[in-house]
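For reference, the chain that follows is the form predicted alone, supplied as structure tokens.
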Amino acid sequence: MADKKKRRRADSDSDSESASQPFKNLLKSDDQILQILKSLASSFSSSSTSKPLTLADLALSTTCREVSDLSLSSVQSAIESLVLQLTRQILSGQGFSFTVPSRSSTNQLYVPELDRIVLKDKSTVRPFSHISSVRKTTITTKILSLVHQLCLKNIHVTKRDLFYTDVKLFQDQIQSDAVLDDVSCMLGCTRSSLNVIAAEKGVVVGRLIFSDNGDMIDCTKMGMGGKAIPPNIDRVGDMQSDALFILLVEKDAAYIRLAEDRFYNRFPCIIVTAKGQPDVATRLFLRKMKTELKLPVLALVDSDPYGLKILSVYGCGSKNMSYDSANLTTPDIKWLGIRPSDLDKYKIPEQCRLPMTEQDIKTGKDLLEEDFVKKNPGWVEELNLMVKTKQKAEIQALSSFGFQYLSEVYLPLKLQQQDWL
């Protein structure tokens, strides 16, 4: 009799757990899911052996511009050659002006074969003698001078350090940052070649070991906070991993949940986040991991237009830095979640869904016009659903089923069903 009561209580507890954590009963064993992931990693590794296409391999009708990694001595020589050219211009009576590659949206081109945005070859003249450009020309000169000093001293500084060398001239760091990108284009080098870095932002945790300036880092022993992604990607090397995939997470909150639950031990993976908008160091680090370890990348972002924009920056590049898209983009990232169709599929409660603002809807419609979205029918279908329902949701909406629902049910089920786009 007592045994029957215990069984009824156990059955009742099981039913209660199933109701509070929907779809948990659909999960197969971890071993079965691991077999699926091993097949995915194996097929991806074999398909990654072919040499990736480059801009030079394509016979495009439009001339495009790309930069490359240059040594400090090469950057120094390029600056000195540019200054000599300016001196000749002034002495010949042509005045003082810079020819700067245009980074406007009209000078961008999406190349389907490469699945990334590149910069076309249009340039603008920035004369010192014109009142509308005299200040920007002065800023450009100042940035060139500062970068030349960095080359001579062989040191790195942050973008913030650069800004504080002349706050009155720059006025706002956005302006010094923009000119720094202009200088990269002018010299034909990546921004990291200028020895100017951004402050640490992204973090990584999971099944990854790598060297950071000679020190070996084991990302399984970095605690819940993980390892800050080094801003100097040239000092990162010797990457080793037994992971089956890379999980790219948009938000810090979701990252912390997965790190604390040690999701990477249950399903061997590397978890990385830039805590929102992707920074250059995280984009470079992600590309380096995928290239060297030959692992698939699955993305977990919010179900809103900005989550998809963030995903597209990692995959296709940003228009602001399209000149360096060859180094900054990680092609073929799979959209794992949270997708608009998941809101009904996983029965996300209405109180956890947010109404889209007019700006959200406009951003969603604008994304539908982008070539990199049109190329993927699955993305188009999901975006159309989002705009039609006018609903969005954050990753944290899954917490309505329990704080660990993300790591215990949602992600394992997604992996089991291979439910990504």
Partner chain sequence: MESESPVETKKSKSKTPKKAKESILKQKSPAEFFAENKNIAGFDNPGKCLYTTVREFVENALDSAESISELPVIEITIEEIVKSKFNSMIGLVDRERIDEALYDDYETAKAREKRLAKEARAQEIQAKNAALGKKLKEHSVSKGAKNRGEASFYRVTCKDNGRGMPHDDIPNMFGRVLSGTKYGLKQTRGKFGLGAKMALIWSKMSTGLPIDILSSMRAQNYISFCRLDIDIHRNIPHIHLHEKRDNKDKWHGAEIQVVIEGNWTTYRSKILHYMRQMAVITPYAQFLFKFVSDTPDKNVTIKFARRTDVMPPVPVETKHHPSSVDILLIKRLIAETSKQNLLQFLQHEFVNIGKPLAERLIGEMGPEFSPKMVVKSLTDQQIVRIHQLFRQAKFDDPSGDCLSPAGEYNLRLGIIKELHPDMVATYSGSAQVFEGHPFIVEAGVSVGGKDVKQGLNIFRFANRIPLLFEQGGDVVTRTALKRISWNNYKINQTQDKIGVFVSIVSTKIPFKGTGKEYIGDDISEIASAVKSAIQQCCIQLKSKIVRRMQAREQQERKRNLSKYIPDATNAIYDVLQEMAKSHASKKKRYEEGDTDIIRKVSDRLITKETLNEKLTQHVEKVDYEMALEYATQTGVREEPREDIYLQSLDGKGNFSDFHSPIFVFRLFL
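Numbering follows the first chain given and starts at 1. The structure presented is a predicted model; accordingly, all values stated were derived computationally and were not measured.
Not on display, but discussed next: the form predicted in complex with the partner chain.
- Each of Gly95, Ile131 and Arg135 places at least one heavy atom within 4.5 Å of the partner chain in the predicted complex.
- Residues placing heavy atoms within 4.5 Å of the partner chain in the predicted complex fall in a single listed stretch, namely 80 to 88, out of 282 to 290, 333 to 341, 80 to 88, 181 to 189.
- This chain lacks the partner; the member of Glu113, Asp166, Asp161, Asp234 within 4.5 angstroms of the partner chain in the predicted complex by a non-hydrogen atom is Asp166.
- Put simply, of Ser145, Gln173, Asn320, Asn213 only one has a heavy atom within 4.5 Å of the partner chain in the predicted complex, and it is Ser145.
- Taking the partner from elsewhere, Thr141 is found to have a heavy atom lying within 4.5 Å of the partner chain in the predicted complex.
- Taking the partner from elsewhere, Leu152 is found to have a heavy atom lying within 4.5 Å of the partner chain in the predicted complex.
- Among residues of the shown chain, Gln76 is one whose heavy atoms approach the partner chain to within 4.5 Å in the predicted complex.
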